[in-house]
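In the block that follows, a single chain appears as structure tokens, in the form predicted alone.
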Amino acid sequence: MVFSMAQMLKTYLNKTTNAVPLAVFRIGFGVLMCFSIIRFWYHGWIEKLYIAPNFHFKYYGFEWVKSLGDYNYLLFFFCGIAALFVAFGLKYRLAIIAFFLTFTYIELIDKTTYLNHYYFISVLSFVMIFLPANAKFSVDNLLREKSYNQIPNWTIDSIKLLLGIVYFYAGLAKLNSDWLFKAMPLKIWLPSKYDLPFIGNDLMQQDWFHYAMSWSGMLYDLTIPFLLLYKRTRTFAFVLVVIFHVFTRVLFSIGMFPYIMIIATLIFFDASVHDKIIANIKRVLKPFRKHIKSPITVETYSFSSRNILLPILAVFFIIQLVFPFRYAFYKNELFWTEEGYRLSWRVMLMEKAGLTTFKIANSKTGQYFYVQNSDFLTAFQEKQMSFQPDFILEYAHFLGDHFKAQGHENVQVFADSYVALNGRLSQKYIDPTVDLYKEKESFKPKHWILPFKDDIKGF
């Protein structure tokens, strides 16, 4: 049996497929990423999020990642140029590595800006480092005077697998009592869209519609990867993808993510569809191609280092499959403590609001004073800090270090925090008797978070 499985794996790894879908995917990814960088720059978000703040919240283990000040513009510039090179397939391997490093560095500067789709772009660009996305219809083809018709089948399947994980795990996360039986947090969000034409004052205010959206969102995420896999349901599934992501884009400010997912799911279609896309691109580029010599076509692309690349990708996907379930090691309510919440494809499942103030005390004299958070944080940072425990702890240490450096002695930092989750009444969040300046960040459960006074069933 073991021999049979090994033989099946070997046969699969030697299987080839048309290179065109990966070329179309590369072009779409590069163009959208370049546009995203331009959009970010145009709206002034580089200054607002990465330069203006005096303090940046860090991911545990990545405290060494610093804002580059005004040089952040240069970082974004290189990221955008790398994305453009990816689209063109120009020096593709260097370009995709440069994009992965610059984009990921930007996201690591401040976890206040964390979004699931930013994480998705980082992991997707990491996978693309190992794929021959420039095998066909690329500037690299012209430079090496060689193009490839066939590439290993697993290179395209790896993207399908990653997309499947993102969708399916997002669906699993929706199998919870708040989402399914209370329509939370959609019951909070949707009524606020009263200004939408035709449906704002009607559908968005209806209870049944909130539940319909919750259940259909869950069913969509759980089934869409499988519907895309099968040819008979693929076109129908893609129509659902377009409708779903366009609708969510209308309802919520989630940037380029809907367009990225729409373009990404084209990878599930047969090569004939992608041939038509390439043909249309060639028509647009026809005036520029008159004096360009077509590269020699070689049948199959072969990896010189497949024995190194495949184990790396295998480990990567094992981590992606297992890592989202790390929350099971924590006994407290996931939505309340958020221990194991990030990097797990849990998308738009919570509406949390908090108010957290800090008291700086002298452990010897008992004297104390309260901190004005706006003296140190932007409004956006303060909002995110107010209900996320790792933010609260990090900020407490920042305050302790700040006032200690000013000459205050025997510094203690206490938090007075109240948080509301998914429409529930606000309740005390942090144990006010715990000196947070003495607590250290780690993967251990945070004992200083007060228990949640309710129960949310589900994954």
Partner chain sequence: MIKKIILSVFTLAILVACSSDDSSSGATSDGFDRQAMLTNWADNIIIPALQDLSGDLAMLTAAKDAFVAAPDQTTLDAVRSSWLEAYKTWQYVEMFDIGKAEELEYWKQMNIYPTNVTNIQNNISSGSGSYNLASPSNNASVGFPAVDYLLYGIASSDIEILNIYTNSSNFESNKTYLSNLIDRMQSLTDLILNDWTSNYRTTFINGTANTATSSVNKIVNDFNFYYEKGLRANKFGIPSGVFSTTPFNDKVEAFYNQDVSKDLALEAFKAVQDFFNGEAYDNSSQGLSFKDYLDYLNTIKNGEDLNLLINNQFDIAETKIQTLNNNFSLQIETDNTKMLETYDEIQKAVVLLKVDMMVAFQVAIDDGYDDNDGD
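Numbering follows the first chain given and starts at 1. Here the structure is a predicted model, which is why all the values come from computation and not from measurement.
What follows is about the form predicted together with its partner chain, which we do not show.
Novice: Give a yes or no on whether each residue among 188, 372 and 408 has a heavy atom within 4.5 Å of its partner chain in the predicted complex.
Specialist: Yes, each of 188, 372 and 408 comes within 4.5 Å of its partner chain in the predicted complex.
Novice: Within 4.5 Å of its partner chain in the predicted complex, counting heavy atoms only, one of 343-351, 312-320, 78-86, 164-172 shows up; tell me which.
Specialist: Correct option: 343-351.
Novice: Out of 305, 302, 216, 192, which one falls within 4.5 Å of its partner chain in the predicted complex, going by heavy atoms?
Specialist: Residue within 4.5 Å of the partner: 192.
Novice: Considering 229, 281, 115, 222, which brings a non-hydrogen atom within 4.5 Å of its partner chain in the predicted complex?
Specialist: Of the candidates 229, 281, 115, 222, 115 is the one lying within 4.5 Å of its partner chain in the predicted complex.
Novice: Any of the heavy atoms of residue 393 lying within 4.5 Å of its partner chain in the predicted complex?
Specialist: No, residue 393 sits far enough from its partner chain in the predicted complex that none of its heavy atoms falls within 4.5 Å.
Novice: Should residue 423 be classed as touching its partner chain in the predicted complex when contacts are defined as heavy atoms within 4.5 Å?
Specialist: Flag for residue 423 set to yes.
Novice: Is residue 197 near its partner chain? Define near as a heavy atom within 4.5 Å, in the predicted complex.
Specialist: Yes, contact at 4.5 Å.
Novice: Answer for residue 414 alone: is it within 4.5 Å of its partner chain in the predicted complex, judged on heavy atom distances?
Specialist: Residue-level check for residue 414: no, no contact with its partner chain.
Novice: For the stretch 205-219, return the residues whose heavy atoms include at least one within 4.5 Å of its partner chain in the predicted complex, in the order they occur.
Specialist: In sequence order, 205, 210 come within 4.5 Å of the partner.
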